[in-house]
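Take a look at this one chain, the form predicted on its own, written out in structure tokens.
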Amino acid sequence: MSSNPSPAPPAARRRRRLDPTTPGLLSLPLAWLALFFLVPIGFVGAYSIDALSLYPGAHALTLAGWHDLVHGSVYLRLFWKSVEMSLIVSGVVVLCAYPLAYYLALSGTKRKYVLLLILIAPFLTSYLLRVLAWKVILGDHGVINSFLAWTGIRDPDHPLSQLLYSRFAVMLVLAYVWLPFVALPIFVSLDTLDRRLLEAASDLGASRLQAFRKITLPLSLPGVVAAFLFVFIPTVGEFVTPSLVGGTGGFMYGNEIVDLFGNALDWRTGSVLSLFLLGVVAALTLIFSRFLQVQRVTAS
């Protein structure tokens, strides 16, 4: 019996050889990433420790901004408020988008791509126009309050002022804006699902609910987690929507960063808050990234 090791498969040998064109192909994207992502982060980091400053004169390196963030309760309370709002929005949007994506991917309809195009049609309209449209809907004399006054449910002189310029308005508008975008990764994960697994489960006597719980849901979890991150990451630092429909009740962490860089001209504190947000988002992304891998279906 020969003890010579078997030759490596062709795919393994191809992976061992470095394609000489790879550095050339990666050089431009990496340079773009370094120039427009890493370099700006470096400048922000320099401002956070007073290595750079808006004001002339000598400046000693200091961690006072980080000390104020860690030991101060104002910014951290605002941050956790934004995290709470983003988690609620992300959870609600994923729960609403999953049945929609499930129907489009697994219902067998021949018009699923037409329906998918209709779903993403709002992206053809300006983001600001869509947000401003909600001001018309939620305002004191908007569509909802006008309907309540017309039906006699609400006195026209006492409209529901809580609908606009509140935390509820911010979460509602964010959910509306991100719903089509969240449905896409879930739709892709469900559309690529091997239908033979569902047929085998049916042949073995599993009900549709059992097949969904043991096959469809586990295999679509990567798309669900990706969709959740697609909403959570941008909304936790959102500042445009709270500025338009949030008021003081819907003020978020991103609004504070904008105010520090703009009105207050306190770039040191603004840089500290920005880097803290970036670090938290990066850590959460690394934690949840393992769920983005295709998971095996195991019998319980």
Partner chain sequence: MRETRDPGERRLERSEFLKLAAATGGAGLLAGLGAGTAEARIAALSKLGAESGRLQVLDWVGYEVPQLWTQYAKLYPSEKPQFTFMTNEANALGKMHAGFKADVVHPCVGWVKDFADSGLVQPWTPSKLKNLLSLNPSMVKAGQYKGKQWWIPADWGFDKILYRTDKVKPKERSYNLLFDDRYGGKIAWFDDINQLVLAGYVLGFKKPYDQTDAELKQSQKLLISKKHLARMLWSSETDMQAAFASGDIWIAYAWPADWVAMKAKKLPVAYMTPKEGAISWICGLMLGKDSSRVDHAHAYADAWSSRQSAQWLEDNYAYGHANTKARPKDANLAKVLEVANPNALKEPHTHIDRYYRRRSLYAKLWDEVKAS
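Residue numbers count along the first chain shown, from 1. Nothing here was measured: the structure is a model prediction, and the numbers come from that model.
Separately, the form predicted in complex with its partner chain exists; it is not shown, and the next lines address it.
**Q** Can you say which of 224 to 232, 184 to 192, 86 to 94, 138 to 146 gets within 4.5 Å of its partner chain in the predicted bound form, counting heavy atoms only?
**A** Looking at the partner contacts, the answer comes out as 138 to 146.
**Q** Would you check, heavy atoms only and a 4.5 Å threshold, whether residue 219 touches its partner chain in the predicted bound form?
**A** No - in the predicted bound form, heavy atoms of residue 219 and its partner chain never come within 4.5 Å of each other.
**Q** Is there a heavy atom of residue 259 lying 4.5 Å or less from a heavy atom of its partner chain in the predicted bound form?
**A** Yes - in the predicted bound form, heavy atoms of residue 259 and its partner chain come within 4.5 Å of each other.
**Q** Wondering, does residue 116 line up within 4.5 Å of its partner chain in the predicted bound form on heavy atoms?
**A** Outside the cut-off, so no.
**Q** Would residue 210 count as a contact of its partner chain in the predicted bound form, using a 4.5 angstroms cut-off between non-hydrogen atoms?
**A** No, residue 210 sits far enough from its partner chain in the predicted bound form that none of its heavy atoms falls within 4.5 Å.
**Q** State the residue from 61, 70, 54, 35 whose non-hydrogen atoms include one within 4.5 Å of its partner chain in the predicted bound form.
**A** Here the answer is residue option 54.
**Q** Are there residues in 206 to 224 with a heavy atom within 4.5 Å of its partner chain in the predicted bound form, and which are they, in order?
**A** Residues within 4.5 Å: none in this stretch.
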